Every structure is written in structure tokens, then in C-alpha cells.
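Below, in C-alpha cells: the form predicted on its own, a single chain.
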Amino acid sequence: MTPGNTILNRPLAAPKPAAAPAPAPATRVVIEARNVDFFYHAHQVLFGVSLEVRQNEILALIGPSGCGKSTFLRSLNRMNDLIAGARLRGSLRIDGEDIYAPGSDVIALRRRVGMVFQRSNPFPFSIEENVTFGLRANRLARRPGERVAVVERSLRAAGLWEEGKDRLKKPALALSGGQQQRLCIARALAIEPEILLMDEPASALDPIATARIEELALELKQRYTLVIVTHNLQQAARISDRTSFFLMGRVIETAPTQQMFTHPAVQETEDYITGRFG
């Protein structure tokens, strides 16, 4: 594979944010999937998926549409439970705990594992009320002073404080698309999760807003573990520590991102990242 064919050397479609640091030394495993199969009724969409996610890393999930990336992502906080006929077989553990074991507390799981969706979905409330929605729903930070502190902390973490501090009581829907997506990130961070799942978080944004989301992801990994689904291979190359390539419901290869994009170990991976299919 020649260097000129790699995604790392192609012209970028968006302004390049700060370069992603080199992968950190091995740290503890936060998420561990072993032989995970997933079904919607009789239709199987994941086949024997096994992978690990380490503390304070960004793991990117790439692959063509319909390959199971988002299904796997949603299985990490059991969002698929909301779909009739969905079921998982195999082992999926977070911090060593089987999250699909009988009697598992799904509400507690979703406090630990926040999620940001493909399209921003702010509620038709004020900016402040959006950030504190999870606190109210989970009966956290009951005193007004606590909520004020959480709003500032979360908006700062999402890079939205300076733009929003004078508009806290104003409708969230008046924000731009990129600001709305950062607000949704702030809302997810308000309940202090350990893990943040991001499903195509910049797919509906312009290049400048996309670059800001990428910069934010690099900042957030200092405190959180991130798993991000993206169809943008350049984005995966810019921000992730490791990348996992999904194809037809299976994990084909997982490797440090730069290694995967320059010297993939599997032919299907090379074919995908060089644009031969997908």
C-alpha cells in the first residue's frame, strides 16, 4: 500500500483541529465485549463482536452504512432495549460488570454512559433547563446553587460557556446547529458519566462546527472515555486513538488509528479506507 493512497495524506474537507496525540500507553479496560451477537427479532445484525475500550481513549467505529456500528454503540447503554424484539447474546461488561445481567439497573447504567446523537436534539426549553434536564429527571443536584454550578461546569466542558453565559434563560432552539450539538454534549456531561458515546455527532454540521466538535472530543478524553461512530474517515484519522472497522455485522480489524490507516492488516480494511467499496 503506497503512502499516497492513505487517508492520512488526502486533502481534508474541514479545517484541521489540534492534532490528536499519539495513543497513550495501555490503561485499564473500561468496556469489554466478548462474542456479542445482536438480533432484532429473528434478524441478526452483530456476529461475534469482541473488542475492548480503554480508559481515556477515543475509539472510532468505522464501516459502511448498515454494518452494525450504531447498533453496537447503542448496546453500550442499552438504548436498543427501547426497540421491540431487540436482544443481545454474549458478554458486554463495563468496569467488569455485565450490563445485560438479570436485574441490572438500566437507569444507573445510563447515568454512567452518556450519549450524543447524530442530529442535535435540544428540548424546547431554555439553555439552562436543557443542561439541568438530566439532573431533574434523576433527582440530582436538588439545591439551586448546585444546579447553577453544574450548568457552568457542563457548558464550559462543552465549550459553550462563553457563547451561552448571557443567554441561559433564552430558548435553546435559537442556537446555531453547532451550538445545539455542543449543548447536547453539555446535557450529557451534566450527570457526570464515565463514558460518552457519540453517534455521527458532526454529520449534520458545517466544516467549522465540525472542527469545533473534533477539538472538543480531544479535550473531553482527558476526563472521559469516548466511543464515536463516524462515516468520515478523515475525522477518525484526526481524533481517535484506535479504530475498529465493522463490516456486515463483524469486527474485521481493530488497531491504533495511524497503523490502521497506513498499514492495515486485513485486505477488506485496506479496500474500505482506500475507497474501493463502501
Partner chain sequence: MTASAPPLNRKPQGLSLRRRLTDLLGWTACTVAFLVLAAAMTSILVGVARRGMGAMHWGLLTEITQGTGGGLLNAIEGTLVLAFGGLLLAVPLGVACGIYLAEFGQGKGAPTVRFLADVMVGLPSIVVGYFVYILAVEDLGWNFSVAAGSIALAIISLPYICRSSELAIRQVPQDLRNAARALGAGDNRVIFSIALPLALPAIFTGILLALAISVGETAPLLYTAGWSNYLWTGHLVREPIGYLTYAIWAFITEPFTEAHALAYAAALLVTLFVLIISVASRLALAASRRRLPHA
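Numbering follows the first chain given and starts at 1. The shown structure was predicted, so the numbers you read here are calculated from the model rather than taken from an experiment.
Keep in mind that the form predicted in complex with the partner chain is missing from the display, and what follows is about it.
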Practice prompt. Within 4.5 Å of the partner chain in the model of the complex, counting heavy atoms only, one of 94-102, 181-189, 200-208, 149-157 shows up; tell me which.
Written response: 181-189
Worksheet item: the partner chain in the model of the complex: within 4.5 Å of a heavy atom of each of Met248, Thr254 and Tyr272?
Response: no
Discussion item. Within 4.5 Å, heavy atoms only: does Leu76 come near the partner chain in the model of the complex?
Written reply: no
Fill in: Any non-hydrogen atom of Leu175 within 4.5 angstroms of the partner chain in the model of the complex
no
Worksheet entry | the partner chain contact at Pro124 in the model of the complex, heavy atom, 4.5 Å | yes
Worksheet item: Looking in the model of the complex, any heavy atom of Lys169 within 4.5 Å of the partner chain?
Response: no
Practice prompt. Sequence order please: the residues of 214-232 with a heavy atom within 4.5 Å of the partner chain in the model of the complex.
Written response: none
